[in-house]
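Heads up, the chain below is alone and in the form predicted alone; it's given as structure tokens.
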Amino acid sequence: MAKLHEAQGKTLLREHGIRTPEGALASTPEEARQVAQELSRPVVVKGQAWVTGRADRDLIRFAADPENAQMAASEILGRLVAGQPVEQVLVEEQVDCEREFYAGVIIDDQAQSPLLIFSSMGGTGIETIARSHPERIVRQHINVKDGLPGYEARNLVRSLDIHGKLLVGLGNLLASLYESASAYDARSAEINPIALTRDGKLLALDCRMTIDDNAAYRHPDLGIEVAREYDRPPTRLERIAWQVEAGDYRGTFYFIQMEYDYAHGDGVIGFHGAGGGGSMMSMDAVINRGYKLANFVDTSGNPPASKVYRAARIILNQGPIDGYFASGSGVASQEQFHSARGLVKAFMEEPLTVPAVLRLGGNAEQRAIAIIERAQAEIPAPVEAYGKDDSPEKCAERLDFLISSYSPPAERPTGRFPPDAAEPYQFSTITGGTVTLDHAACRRCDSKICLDTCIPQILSLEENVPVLNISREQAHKGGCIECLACQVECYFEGNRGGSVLLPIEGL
């Protein structure tokens, strides 16, 4: 679920008539001082971070004047929280609170409907309150067809012995909270606390809202960069990886970084899985040998070779790692030679300078293993490939041995790329790639291996050179599946006249 910062959530609440304290965001201590000056009253300075318990983390400070607000902001901004720096603070008026409440709308997957939760007590420790005072909390499922009528919201509030103007105000607030959550496809929307001020106003002092990943595209105004369930802003590589996934529907590419400060010798592994359960077992096998994981990656669901290539390139672009481990379920239905070609292309171009162990269990695994072994002489670091009969534990043991006996090169080697084409024949692919066949080299090729290994068979021989037997438009729309045979197979079995340029925006 894509999380929103407090300030974003409050903006959505105000759109639906829920009042919040006066204030504004600040990105510098000076801006925080200016906001406090404009408010002309004591303020609270709150670091904007996707975590709970901000008060316990000293991310919420009270300031009596602009000078103290500036000082509080300077001590909060830039602090690392969940591996990411706090970039903004919300400076708001302090509220003279007489009583606190809690309200939340959460999608109940089991009941397949939204669940409204209301408590006559709120504030820090709402979970403890729920356990110690269950009589103070009421719940009600909402029929999505009918929504939450005002009278139902008021009846829910009334059940906690709340009456009069407060009953009406809280009922209206609950109805508005549901409207806001529904309008923005929120998986959860919580206000904690709702403050009843001494002059009788109801204000949302704090809120948390998460948006359904699958609905994020409908709300570009929210500025959700990556529709993934993170508890922090996405890293640069996570943003890049998301663009790969968002632009290519074929198969899955899930990438998340798990380490942020590491160096060579710390025992950090770049992990490349294929299939959830098998990947978990494989990660355990590496961790049990004393290693840490720099990332988690899953390329499954029959991804093209190009997606595996881009995933490998992103893994290798992390901070220094000590090894590369690829292992999934071991019985994948996808053709493993696609993954093998993607890995070979990445390892040659990046190039790979740490040991790698690849467990390519699944369809055509022996062909995939042969592709990896054939490329070893062109890859600077040792690479070993295994199949489904080799356990994750055995493969992790081999990686451990290779790392312990390997010394990285003193200077980074140059990546291996096909030479510039003297007589280029080109067409584009569905993900913005460019396939180039150098007809000057193709004429001197004896094997014409690209024709035999092109999986969709879209190449034919004309005047002794390979050309498309479909239109360039058809190739661009998916006729070329980016199997990478015309580069990888041509490099090793042909005359090295084929290449596939696959851009990775931002890398």
Partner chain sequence: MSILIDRSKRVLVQGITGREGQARTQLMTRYGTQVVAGVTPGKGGVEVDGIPVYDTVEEAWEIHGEIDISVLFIPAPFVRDAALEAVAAGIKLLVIIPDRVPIYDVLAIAQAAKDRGAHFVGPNTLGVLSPGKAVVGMIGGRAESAQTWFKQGPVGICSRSGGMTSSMAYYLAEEGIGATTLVHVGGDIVVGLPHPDVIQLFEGDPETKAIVMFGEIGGTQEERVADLVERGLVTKPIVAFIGGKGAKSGTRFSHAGAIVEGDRGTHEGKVRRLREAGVTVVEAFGELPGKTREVLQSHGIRTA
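Keep in mind the model is a prediction, meaning the values are calculated, not measured. Each form is matched to the other, and the largest set of C-alpha atoms that superpose within 1.5 Å is called the rigid core. Positions refer to the first chain, counted from 1.
The same protein also has a form predicted together with its partner chain, omitted here; what follows describes it.
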Q) Might Glu87 be said to contact its partner chain in the predicted complex, defining contact as any heavy atom within 4.5 Å? A) no
Q: Please run the contact check for Asp284 against its partner chain in the predicted complex: heavy atoms, 4.5 angstroms, yes or no?
A: yes
Q) According to a 4.5 angstroms non-hydrogen atom cut-off, is Gly277 in contact with its partner chain in the predicted complex? A) yes
Q: Please run the contact check for Thr252 against its partner chain in the predicted complex: heavy atoms, 4.5 angstroms, yes or no?
A: yes
Q.
Within 4.5 Å, heavy atoms only, which of Ala370, Leu160, Leu222, Ala215 is in contact with its partner chain in the predicted complex?
A. Ala215
**Q.** Single option in Asn155, Ser188, Gln94, Gln243 placed near its partner chain in the predicted complex, where near means a heavy atom within 4.5 Å
**A.** Ser188
Q. Tell me which of 426 to 434, 403 to 411, 179 to 187, 373 to 381 has residues with heavy atoms within 4.5 angstroms of its partner chain in the predicted complex?
A. 179 to 187
Q | Residues within stretch 102 to 119 having a non-hydrogen atom within 4.5 Å of its partner chain in the predicted complex | A | Tyr102, Val105, Ile106, Ile107, Asp109, Gln110, Ala111, Gln112, Ser113, Pro114, Leu115, Ile117
Q | CA of Leu148, rigid core aligned, shift of 2 Å or more between this form and the one not shown | A | yes
Q) Cα of Gln112 displaced 2 Å or more between this form and the one not shown, core superposed? A) yes
Q: State yes or no: after fitting on the rigid core, is the Cα displacement of Lys448 between this form and the one not shown at least 2 Å?
A: no
